[in-house]
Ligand code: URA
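As structure tokens, one chain now follows by itself in the form predicted on its own.
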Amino acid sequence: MLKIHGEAIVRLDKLLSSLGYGSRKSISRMAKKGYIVLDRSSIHDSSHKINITSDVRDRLYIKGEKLDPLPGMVLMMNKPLGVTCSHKEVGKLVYDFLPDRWRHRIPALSTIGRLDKETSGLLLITDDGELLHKIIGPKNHVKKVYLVDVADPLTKDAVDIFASGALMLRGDIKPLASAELKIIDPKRALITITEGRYHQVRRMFAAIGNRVVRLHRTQIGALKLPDTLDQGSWKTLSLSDVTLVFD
């Protein structure tokens, strides 16, 4: 496993194989064909050692394209309906929207929490296990905001029940933490939760005799899904973007 903390000197083939570009043999062939360019000069020896600095992605090109993000990257995706947050399940997966070689990155990419197949919206993906656990850890109380459409009209009773901190879900032994419900119109609302129980939002509305017909995550912490990010599209996040998750 390739670990990079700050600056490091790494063999070129080790770096590129960890990023999913291929085996060391295939990277050696790429180098010999002149496909690897560092500081505008072709590197023909894949064992060449390079200094990994903050600007390496502006200096290193593979087949004319900028180097992929280094380990520690975080992605934001606008997850479409009908897509699964899994590496192994049958059918369309969220990873299918990413470059194919990213399936071979070490460390592997994983979703930060999950959105079920019938839920769309803001999804974070990372290869940083420490960050992943920090965001989903129950002690950190990271808030998640969802736009929800329901089958039956909502009332103020629903607002009070969700805010009470006393709502029990079927099969659970501990009541839910207080959640905020803002009614937009009779059958649409924004709900903010700080837990991540299995199918939590759907089960919350079921517990008050209603049914979710559409669920879309719009926000994690203070990080919002931009209107300009189309369904199935993704972008890499900066450190300042990631910091918003904990606001």
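Numbers follow the displayed sequence, beginning with 1. Here the structure is a predicted model, which means the values were calculated and not measured.
Although it is not shown, the form predicted in complex with uracil is what the next lines describe.
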property	result
Partner contact for D116 in the model of the complex: uracil, 4.5 angstroms, heavy atom	yes
Partner proximity in the model of the complex: K187 to uracil, non-hydrogen atom cutoff 4.5 Å	no
A179, heavy atom within 4.5 angstroms of uracil in the model of the complex	no
Uracil contact in the model of the complex: Q219, any heavy atom under 4.5 Å	no
Region of this chain that lies against uracil in the model of the complex, out of 51-59, 34-42, 66-74, 192-200 [heavy atom, 4.5 Å]	192-200
In the model of the complex: members of 42-65 within 4.5 Å of uracil, any heavy atom	none
